[in-house]
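Take a look at this single chain in structure tokens; it is the form predicted on its own.
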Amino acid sequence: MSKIKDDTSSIWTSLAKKGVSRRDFIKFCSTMAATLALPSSFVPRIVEALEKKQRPYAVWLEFQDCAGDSESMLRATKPTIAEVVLDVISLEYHETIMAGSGKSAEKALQDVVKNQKGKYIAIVEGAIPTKDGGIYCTIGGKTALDIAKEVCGNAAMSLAVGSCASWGGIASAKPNPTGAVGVGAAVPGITYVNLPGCPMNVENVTATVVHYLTFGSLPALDGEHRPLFAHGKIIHNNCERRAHFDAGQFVRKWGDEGHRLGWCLYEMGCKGPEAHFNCPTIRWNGGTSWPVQAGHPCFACASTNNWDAFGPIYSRLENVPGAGYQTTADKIGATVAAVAAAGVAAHAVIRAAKGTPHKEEKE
């Protein structure tokens, strides 16, 4: 992240200079198409765009956060963090990983805001406090609220990465003492995309940038400003444990036989039936795994107000259609037994009714 210079090289040219092969470049474009839920016929268009488009300037702001989204970015594999920072975007400011500090760091931020007005991408991590004028988070003598208004207000688009930046996250959980909100609420009227998750998945961030470079527009968004390619389907539909849910096979205690066999985590508090995210398909750590595969229930980290709306992490969702968990196996068995008993009794009554006159006739 050096001083801004006039770099006219394209993304592909920059990658090639770093030794990235044409084959790997095409694979990267194919991965982006798959992440964006686009058919393979769009791969040539993505290739063409990245061959011609210059790397967009970007700045990364951190406010009320735990740096978890920065940690997630540092573990990017498709592409790697080096490729993201140096070749896909020109990241000029990120207070956690940049070499500069103090006034020199703030100058790097201001250089982008002033010299690239309306052209750069603002990436925001962490919630923005609004109570008492936003004094609960300040950087360089400025409140996070004022910084967001200036930086996001002059950006081509803003990416709210992680749940805290998207809607306030855990910082906004009741009673929300600092008045924490997401980027869209803090700076109304800006062009922005929410990329929630605790933390966000960096492949969704890269895919959003690639979509913007390829089509010159934001990807299709849902009512929460989340991209549909990442949040258009519920986790439940793509979960590898779904068959166990349908079969009524649930983990009921940590470490029990069902847990060891990979059964459904619904009764342990999994919010997958109501959470929208592409975790099961994109996964984490280079596509290695994701929480449910690892044996922990989903707690809807990418859902708005999940801390308040979904209750405690290990509390079970109610009224979820699809399996007999509200009518337990015992209740189902009792009902079947009752129906069977009623049938036997009815049959006996009918036989008795038919048998009485037959006996009288015989006598």
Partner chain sequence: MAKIAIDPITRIEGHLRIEAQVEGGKVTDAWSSGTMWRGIEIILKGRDPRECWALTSRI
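From a predicted model like this one, the values you see are computed outputs, not experimental measurements. Residue numbers count along the first chain shown, from 1.
Another form, the form predicted in complex with its partner chain, is not on view; read the next lines as being about it.
Student: Under a 4.5 angstroms heavy atom criterion, identify the one residue in 133, 140, 216, 286 near its partner chain in the model of the complex.
Tutor: Looking at the other structure, the residue within range turns out to be 140.
Student: Which of these residues, 171, 187, 265, 202, gets a heavy atom within 4.5 Å of its partner chain in the model of the complex?
Tutor: If I apply the 4.5 Å criterion carefully, the residue I get is 171.
Student: How about residue 100: is it within 4.5 Å of its partner chain in the model of the complex, going by heavy atoms?
Tutor: It does: once its partner chain is placed as it appears in the model of the complex, residue 100 has a heavy atom within 4.5 Å of it.
Student: Give a yes or no for residue 308: in the model of the complex, does one of its heavy atoms lie within 4.5 Å of a heavy atom belonging to its partner chain?
Tutor: The answer is yes: residue 308 has a heavy atom within 4.5 Å of its partner chain.
Student: Spell out, yes or no, whether the shortest heavy atom distance between residue 106 and its partner chain in the model of the complex is within 4.5 Å.
Tutor: Heavy-atom contact with its partner chain at 4.5 Å: present for residue 106.
Student: Using 4.5 Å between non-hydrogen atoms, is residue 177 touching its partner chain in the model of the complex?
Tutor: Yes, residue 177 is a contact residue.
Student: Let me know which residues along 57-74 have a heavy atom within 4.5 Å of its partner chain in the model of the complex, or say none if there are none.
Tutor: Sequence-ordered list: 62, 63, 64, 65, 66, 67.
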